[in-house]
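Next up is one chain by itself, shown in structure tokens, the form predicted alone.
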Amino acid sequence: MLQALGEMFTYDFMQRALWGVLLIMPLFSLLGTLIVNRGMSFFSDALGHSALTGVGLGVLLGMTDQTPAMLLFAVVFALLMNAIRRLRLSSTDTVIGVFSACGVALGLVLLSRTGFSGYQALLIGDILSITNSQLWVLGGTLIAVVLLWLLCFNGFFAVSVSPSLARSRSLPVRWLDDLFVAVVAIVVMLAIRWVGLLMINAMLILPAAAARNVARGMRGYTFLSLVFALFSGLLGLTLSYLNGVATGPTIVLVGAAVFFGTFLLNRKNG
């Protein structure tokens, strides 16, 4: 085992996977705190499902790299879902459920024209296949999201706590709301090939949910979410290498263990 650990990062693909974890997990931890605060876990899950339609549209248009189609469709999908959710004609979970089902169904219909078998990797992802150019894209995305957080976090947080209170303080509630869901959509689409459609929502939610169990105050909540995200990602990557199993699901299992550990700790202290 010690020998395997020593050899682990001598391989180029493992070094790239390590950098992928170090870039993706902080993104998830930042977004996850507000997703959990706003009760939007099903929203981000629906966004993940919409990736199938984005890929299907890219294939239909003859694109070799379907990422631009995925990004454009996801942003439009997120904004439309948000706009209908705000109308309150149906409950939020109903609206999200309808959009999620449509995203999956339309994607499967489009991909069935060319055969779905070539896109099954989207379901569980493969961070070991990440390339250097993709790491640069993730790095730039992380920098952009951190800068956006520094500029807009107070507004995002106010809207997540009470939209009516934020509106009374002359904050552009609708604009902030749409900006946040657009950012979530972009990050989900950029990461989904390496994280997996089935796993991405859990990776977004678990670190923040675990941090919320034990954090006192927003700073502690954000910091612990980052710590738990990095811990889950690094330990999950290591365990998946040592046991020869899929990386994304292993990271999720570690995150789930952290969540239940903090939940029990909170109950004990409570």
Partner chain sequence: MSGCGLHCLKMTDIGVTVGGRTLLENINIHAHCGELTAIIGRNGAGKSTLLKALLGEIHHGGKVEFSGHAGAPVRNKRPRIGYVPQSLSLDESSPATVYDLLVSLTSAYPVFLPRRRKLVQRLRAHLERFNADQLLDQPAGRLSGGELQRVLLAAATLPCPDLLLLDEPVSGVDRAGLQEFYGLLEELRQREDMVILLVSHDLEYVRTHADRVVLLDKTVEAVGSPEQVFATEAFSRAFGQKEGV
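Nothing here was measured: the structure is a model prediction, and the numbers come from that model. Residue numbers count along the first chain shown, from 1.
The form predicted together with its partner chain exists for this protein as well; it is not shown, and the discussion that follows is about that form.
Colleague: Please tell me whether the candidate spot formed by R16, N132 and A144 is one where all three residues come within 4.5 Å of its partner chain in the predicted complex (heavy atoms).
Modeller: Not a single residue of the candidate spot has a heavy atom within 4.5 Å of its partner chain in the predicted complex.
Colleague: Which pick from A101, L80, L150, V109 sits with a heavy atom within 4.5 Å of its partner chain in the predicted complex?
Modeller: None of the other options qualify; the answer is L150.
Colleague: Residue-level contact is defined here as any heavy atom of the residue lying within 4.5 Å of its partner chain in the predicted complex; does L230 satisfy this criterion?
Modeller: L230: no, not in contact with its partner chain in the predicted complex.
Colleague: Mark M218 yes when one of its heavy atoms lies within 4.5 Å of a heavy atom of its partner chain in the predicted complex, and no otherwise.
Modeller: Judged by the heavy-atom cut-off of 4.5 Å, M218 is in contact with its partner chain in the predicted complex.
Colleague: Is T222 close enough to its partner chain in the predicted complex to count, meaning some heavy atom within 4.5 Å?
Modeller: Yes, contact at 4.5 Å.
Colleague: Would T94 show up as a contact with its partner chain in the predicted complex if we use heavy atoms at 4.5 Å?
Modeller: T94: no, not in contact with its partner chain in the predicted complex.
Colleague: Can you tell me which of 194-202, 155-163, 70-78, 135-143 lies within 4.5 Å of its partner chain in the predicted complex, counting heavy atoms only?
Modeller: Result of the contact check: 155-163.
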